[in-house]
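Next up: just one chain, as structure tokens, the form predicted on its own.
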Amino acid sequence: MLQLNIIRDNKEFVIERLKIKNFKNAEQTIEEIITLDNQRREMQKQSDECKQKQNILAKQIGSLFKEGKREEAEQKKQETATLKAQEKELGEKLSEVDNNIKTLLLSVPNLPHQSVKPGKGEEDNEVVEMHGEIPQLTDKALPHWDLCSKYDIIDFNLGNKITGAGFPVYKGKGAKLQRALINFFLSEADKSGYLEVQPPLMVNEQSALATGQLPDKEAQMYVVTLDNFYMIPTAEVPVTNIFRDCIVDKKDFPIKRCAYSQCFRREAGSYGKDVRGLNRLHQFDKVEIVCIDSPEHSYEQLQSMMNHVAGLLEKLELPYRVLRLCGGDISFTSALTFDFEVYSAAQQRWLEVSSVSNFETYQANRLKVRYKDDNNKTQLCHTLNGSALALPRIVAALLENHQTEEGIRIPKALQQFTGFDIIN
């Protein structure tokens, strides 16, 4: 959530940056927020004046009673009653205005970083890095959904029977490959200084609101309606909420956490080749990395997180590219996001496997996660997160890129976790 003082002091800049994100009615919304804030400030001033007058009258009433001037004292008490009524009315109006301001602020996305370029969607994203050689497969090469059937490692039909489309069943070496990747990702995160946590898979409304899933992504979330809990779309939500309403010690920066979790996304509106096989699931496994740092060092941490993700992909022997997302594709809450995509040789297309983002103070303002600076002033932290990594498309690329006539080769770095070097 944007800070009111930033909107108030930098109105034109805020509107200009919001247009980069294609935020509709940017001028109207920002003007409405400023108008309401001016009303709030004026009402707060009137409320403070009411309290001040009541305090003065209280002293006068006490003196008048001591002097035996009861009639004058009663008159002053009537004035006090009138002021209390005014204060109550102002308080109710203030509460209403505060709620209106908050509702509007929640509808405004984060400001994109200066390096974020305008664009309508993913077609306008900028490729900033390319790594690895594209595998050259034979004419007999199969897409991963056929490989899953051939080696009986992932059963999509069985998952459809048990639950529905997008909920596969992993079997034998397919299940072991999943577990191996999770352990590999967690082990690498530990080496990089991330403290592992195991969070709940459901969160309450306040947690979903604090990290920006609500109200922006409500349609994509599974809701446990009886208890008003939300199934997490990513471990970012519960892990970042660990620090909600906290003042952290700056000597602990950077605060680094990682978590493995199952993730749940409705993926409403997805169809066609984008959803076949493991390309887009409703339930999937992912290891998430989260970082909290000071504004001065958060972009150093962003680069460090990107280096970590790159290292994972290189150890998995997968060709990948890095994209800087444009204004039309960057998320509601992010200031700057880099996507990592691996090349799926049998499908002959790039598949997104990670997003690494800096949210600057946007999430922190919702979370109220703060620290004391060198002058002992309370400041908002910067929050960051990244997928390290999401499993489904990694598995798809591993199966397709590493297929041979003898079977599917397991990358050397992963073999100590799988216990086997080939799927056949």
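Just so we're on the same page, rigid core means the largest C-alpha set that superposes within 1.5 Å between forms. Quantities reported herein were computed from a predicted structural model and do not represent experimental measurements. In this text, residue numbers run from 1 along the sequence as written.
Same protein, other form: the form predicted together with the RNA, not shown, and the subject of what follows.
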{"query": "Single option in 176, 266, 276, 84 placed near the RNA in the predicted complex, where near means a heavy atom within 4.5 Å", "finding": "84"}
{"query": "One residue of 202, 186, 247, 104 in contact with the RNA, assessed in the predicted complex (non-hydrogen atom, 4.5 angstroms)", "finding": "247"}
{"query": "Listed range touching the RNA, judged in the predicted complex by heavy atoms within 4.5 Å, from 22 to 30, 351 to 359, 44 to 52, 391 to 399", "finding": "44 to 52"}
{"query": "Exercise: residue 62 in contact with the RNA in the predicted complex, heavy atom 4.5 Å", "finding": "yes"}
{"query": "4.5 Å heavy atom contact, residue 370 and the RNA in the predicted complex", "finding": "yes"}
{"query": "Contact test in the predicted complex: residue 35 vs the RNA, heavy atoms, 4.5 Å", "finding": "no"}
{"query": "Contact label in the predicted complex: residue 77 to the RNA, heavy atom within 4.5 Å", "finding": "yes"}
{"query": "Stretch 5 to 36 - residues with a heavy atom within 4.5 Å of the RNA in the predicted complex", "finding": "8"}
{"query": "CA of residue 85, rigid core aligned, shift of 2 Å or more between the shown form and the other one", "finding": "yes"}
{"query": "Core-aligned C-alpha movement of residue 49 between the shown form and the other one reaching 2 Å", "finding": "yes"}
